[in-house]
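First, one chain by itself in structure tokens, the form predicted on its own.
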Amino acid sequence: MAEIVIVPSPAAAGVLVADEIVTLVTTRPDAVLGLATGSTPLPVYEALRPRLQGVDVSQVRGFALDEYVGIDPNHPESYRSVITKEVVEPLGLDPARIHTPNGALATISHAGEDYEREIAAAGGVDLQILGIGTSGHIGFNEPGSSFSSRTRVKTLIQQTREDNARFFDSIDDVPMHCITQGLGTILSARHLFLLAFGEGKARAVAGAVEGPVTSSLPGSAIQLHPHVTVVVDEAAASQLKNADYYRYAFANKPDWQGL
């Protein structure tokens, strides 16, 4: 099962995950990071800034989870722009080594296969950062997604478009389609970090961690992975039946085990 870590705040979660990333990059300078966008991973990227000072990140590689289809890469809400603004520039990463799926309409028919080849050529993802949507989606794998799915085009459900409308002028400006790493792609990463904060994510977290493994809740796919760390604040943990056990297990975990 996944290791569940309940922290007092998103900032505390950011520190926890950032420390693990720094350890990884220090021991493997060409580490491959799986990068998520949205508000959830921001505490991680913020905590990384001071911790990576003096650390050679010139060889670090990264792959974003997803991108909108048909959006100009220079649009401020394209995930290429977001990754550049929130991750690449603040952390001093080499932009040529950070990849996002290609959402251009001209090449969309084979963009998923192209991205899969890029990830494979890099040796796979060492550490994947994930959030979870209120519908239980990870990446843009909406309910009904196959657990063996690879990078492909998906149609966004209305709830996800409404959730993302806050980043656009209106919901009408939110693209209808995206290209996303599949659940199978995500499960191929060597270590998954799933983060969730706030009461609005509590139901999705409980379903992903303690509910049945079902395509109706794509986040439950993490139960199939051998190395998953779920980091949540108290509000997001509020519907976990075994929260006391998770606190006890983490408090008494041997230091040598790491995360």
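Heads up: residue numbers just count along the shown sequence, starting at 1. Small disclaimer: the values here were computed from a predicted structure and weren't measured.
Beyond the structure shown, there is the form predicted in complex with a small molecule, which is absent from this document and is the topic of what follows.
Of the residues Ser188, Ser78, Thr84, Asn164, just one reaches the small molecule in the model of the complex with a heavy atom at 4.5 Å or closer; this is Asn164. This chain appears without its partner; in the model of the complex, the one residue of Gly112, Gly182, Gly103, Gly131 with a heavy atom within 4.5 Å of the small molecule is Gly131.
At a distance threshold of 4.5 angstroms between non-hydrogen atoms, Gly198 is out of contact with the small molecule in the model of the complex. In the model of the complex, the small molecule lies within 4.5 Å of some heavy atom of Asp66. Looking at Ser39, you'd find a heavy atom of it within 4.5 angstroms of the small molecule in the model of the complex. In the model of the complex, no heavy atom of Lys154 sits within 4.5 Å of the small molecule. In plain terms, the part of the chain that comes close to the small molecule in the model of the complex, with a heavy atom within 4.5 Å, is 58 to 66 out of 26 to 34, 204 to 212, 45 to 53, 58 to 66.
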